[in-house]
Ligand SMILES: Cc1cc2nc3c(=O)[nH]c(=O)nc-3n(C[C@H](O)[C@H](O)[C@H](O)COP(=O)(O)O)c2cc1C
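Read the single chain below, which is given as structure tokens and is the form predicted on its own.
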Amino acid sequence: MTIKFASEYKKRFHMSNIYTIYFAPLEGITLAPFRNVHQEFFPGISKYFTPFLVANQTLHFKNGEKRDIVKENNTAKNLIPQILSNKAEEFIWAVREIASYGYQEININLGCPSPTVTARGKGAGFLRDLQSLDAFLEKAFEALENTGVALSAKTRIGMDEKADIGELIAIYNRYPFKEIIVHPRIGRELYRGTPDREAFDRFIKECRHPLCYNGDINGPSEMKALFQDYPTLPAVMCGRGLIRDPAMAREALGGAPLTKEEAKRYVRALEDAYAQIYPDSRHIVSKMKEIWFYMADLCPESEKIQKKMKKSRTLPEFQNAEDEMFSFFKEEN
């Protein structure tokens, strides 16, 4: 089958001086309660992405995956479900199933570097075999051609070593993706080292799709620098940086930095949101510890309190540690 590109995919996509910011998916963290509270406090994120839903041979999603995507559980606008799969038939089923929930765009995960994922040839592990990836995409796009569902992809630039970037781009160019989100590292690096800007520049020059940059945007200054380096880039995606500083995008776009009082209200709202779905407060504490793993950077010289927070078992104990953490909060980040 030869995929024909609609006219909107044939044209290069540029948006001068318009910065579109996405919130990257992080497994176990960026679930519906987190997304809803974040958008309520810090509006302006153009797209949120779900942690990946696994398409498998059972042709069923887990109950938790379903809860995370049903519309009634999501107030955050422009939510894009993400699917992890390396089997075309399973992926096609998953896209159709998610579309039945009312979604019109779905993202393919070709970037997860987790060893438990890549060992199964999924996520960034799929990039070990570009021929199989090409065959997967051809089957998927052929089967989904008339469904009205747009597909985007989040990709690394290889798994164990950098792929042939020209070949990788050529594969993506053969199919009518809505967008390609590029994290310019290989999977084996996880989040170590430095993103390969030369590889991303190849995507800028050769990829016919709208592009989004992802990787090591950890503060407003890094985001501003990226805007300057790529003034016509349609979008940037941030994950860990936005968990660390939930107001980072606002500040990078010229707004106010995060304040101590705002941060206090934000974490309490997160705890309240988690309480709606976790009757056992220990689950709330567990979720908040994951978030504070990143947010602790906002509170310099708070190492002793961080240890106290990690040892907390009950919610009141944990919230007391939070209050102590805020005494170290640095207003200008």
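We number the residues from 1 along the sequence you see. Small disclaimer: the values here were computed from a predicted structure and weren't measured.
Absent from the display: the form predicted together with the named molecule. The rest refers to it.
Undergrad: Do all of Y48, S152 and P210 end up near the named molecule in the predicted complex, with near meaning a heavy atom within 4.5 Å?
TA: Heavy-atom distance to the named molecule in the predicted complex: none of the three under 4.5 Å.
Undergrad: Hey, in the predicted complex, is Q82 touching the named molecule, heavy atoms inside 4.5 Å?
TA: Residue-level check for Q82: yes, a contact with the named molecule.
Undergrad: Could you confirm whether G158 comes within 4.5 Å of the named molecule in the predicted complex, counting heavy atoms only?
TA: It does not: once the named molecule is placed as it appears in the predicted complex, G158 has no heavy atom within 4.5 Å of it.
Undergrad: Residue-level question: is E40 within 4.5 Å of the named molecule in the predicted complex, judged on heavy atoms?
TA: The answer is no: E40 has no heavy atom within 4.5 Å of the named molecule.
Undergrad: Does the named molecule get within 4.5 angstroms of any non-hydrogen atom of P246 in the predicted complex?
TA: Taking the distances in the predicted complex, the answer for P246 is no, it never comes within 4.5 Å of the named molecule.
Undergrad: Spot the stretch among 142-150, 251-259, 238-246, 200-208 with residues whose non-hydrogen atoms come within 4.5 Å of the named molecule in the predicted complex.
TA: Heavy-atom contact with the partner occurs in 238-246.
Undergrad: Which one of E189, E90, E105, D216 is close to the named molecule in the predicted complex, taking close to mean a heavy atom within 4.5 Å?
TA: None of the others qualify; the residue that does is D216.
Undergrad: Note that the named molecule is not shown here; using its position in the predicted complex, name the residues of 157-190 with a heavy atom within 4.5 Å of it, in sequence order.
TA: Result: H183 alone.
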